[in-house]
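Only one chain is included here, represented as structure tokens and corresponding to the form predicted alone.
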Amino acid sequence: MSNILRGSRVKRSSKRANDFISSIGFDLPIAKHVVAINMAHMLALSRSKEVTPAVASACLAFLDSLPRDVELDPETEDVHHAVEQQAVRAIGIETAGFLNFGKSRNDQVATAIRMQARVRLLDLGAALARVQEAIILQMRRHKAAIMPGYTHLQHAQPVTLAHHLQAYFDALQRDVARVEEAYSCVNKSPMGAAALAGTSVRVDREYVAALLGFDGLVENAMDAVSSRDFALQSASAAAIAMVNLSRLAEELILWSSIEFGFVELGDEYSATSSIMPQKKNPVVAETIRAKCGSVIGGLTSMLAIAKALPNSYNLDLQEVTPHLWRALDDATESASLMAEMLSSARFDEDALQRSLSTDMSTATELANHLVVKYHVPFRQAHAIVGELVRSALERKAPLEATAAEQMAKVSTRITGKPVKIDKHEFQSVLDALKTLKLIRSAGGSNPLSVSRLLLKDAKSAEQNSSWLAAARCALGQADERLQKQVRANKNEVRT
């Protein structure tokens, strides 16, 4: 059968050229949405009496007979061509020829991509929410575990493990918010825009949008077919989420090494060496870290493709789509595996505590103590403690003993007045747990705030689940309404 989409204007065709421009190889994810779009459009044509009831019924019966996983003929140009060719074979061109009346591949593909993108965004949001649940699980297991806090990958101040992990929870909460915002942008219908200028055919755009589960319209017809900023926003949300997942993966990789020994990852998410039998390599975390680069690369490709396109549809836009699917798939799979891996991870609280024993990370609190109790200006207190730390390192002695011995001399040299602190006071000031309990600022690492944080985080996770469930329910209800109207139309013609 000849290519019905090519028409009479272009007579000659080249198989190589057709294969080169074909999207059939990556159209499968939108195939079922193309069928739904054709259903909704035909219902709109029937409603406005632009086609006869018999034509509408025959077209809808054919579309309803297609399997959910539509088979795509590799010889066809794209999924739209494939569905229309199948319709012509099944019910004849005299009837199937009305399927595309008042619509274009331009508005149809933009709509189908949005329909698939919103499903994948919900999958990504759900996977990120599962990572948050894994973090809450570990926070509950290790409410009081103390560990080093790092800046520049150097021991900085003591923190709790719960505080460290909760930082990732908050970052992921923003990721979920970005997914929700992208979903809102995506969930607008281009249908009825036709090629670029709208159509003289009576098609109720709002009716079609409601049947397909959209919240509203992309108003301007030219914008509706030519914009792919919704795809860029979706891929951007995925890329930013992957950056956060990659950071967490990096820390799990470091922490599972012998040098740290803070955590052991589950065997299911690890692999041994082909030559060294003692090895346990964190291969899933490493792959998540690598996938981040792939998602960023996909977003970069999408931006580069879209950056210089004139308004209205250009076939360049076709090349954006596979990058979008891969970015969303990689991010979703990475988040799903991170959730599983983190849930099963075993943190060693003793190793975390031991790593604080000689790191002098309570030095900041000693400087604060000099300010609060002895009224030493902070910059001078900083200098005093810095010199004591340097001396302790040179002597390979504990900071507590060095400070008790040298505080009066060093403070006199820096401030002109001696500061005298007894041994018990030093022990209290330099104790990691005690310094954490002194933290008063909101969002700090005071162990007493963990319970409050858990309540807040659990509420956020519950709100995320509610939004995801509501969005999925709305899409399911729209699909049910569409199928109901298709059946009603078929029955009406029979009677």
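What you see is a predicted model; the values in this text were computed from it and never measured. Just count from 1 along the sequence shown to find any residue number.
Same protein, other form: the form predicted together with arginine, not shown, and the subject of what follows.
Visitor: Identify which of 269, 325, 313, 207 has a heavy atom within 4.5 Å of arginine in the model of the complex; exactly one of them does.
Guide: Contact with arginine in the model of the complex is made by 313 alone.
Visitor: Between the options 180, 400, 78, 387, which residue brings a heavy atom to within 4.5 Å of arginine in the model of the complex?
Guide: It is 78 that has a heavy atom within 4.5 Å of the partner.
Visitor: I'd like to know if residue 138 sits close to arginine in the model of the complex, meaning any non-hydrogen atom pair within 4.5 angstroms.
Guide: Although arginine is absent here, residue 138 would stay clear of it in the model of the complex, with no heavy atoms inside 4.5 Å.
Visitor: Although the partner isn't part of this model, could you tell me whether residue 23 comes within 4.5 Å of arginine in the model of the complex, counting any heavy atom of the residue?
Guide: Because a heavy atom of residue 23 falls inside 4.5 Å of arginine in the model of the complex, the answer is yes.
Visitor: Find out whether any non-hydrogen atom of residue 109 is located within 4.5 angstroms of arginine in the model of the complex, and reply yes or no.
Guide: Residue-level check for residue 109: yes, a contact with arginine.
Visitor: Just to confirm, residue 318 within 4.5 Å of arginine in the model of the complex by heavy atoms?
Guide: Within the cut-off, so yes.
Visitor: Pick from 400-408, 215-223, 94-102, 78-86: which stretch has non-hydrogen atoms within 4.5 Å of arginine in the model of the complex?
Guide: Going by heavy atoms within 4.5 Å, the stretch is 78-86.
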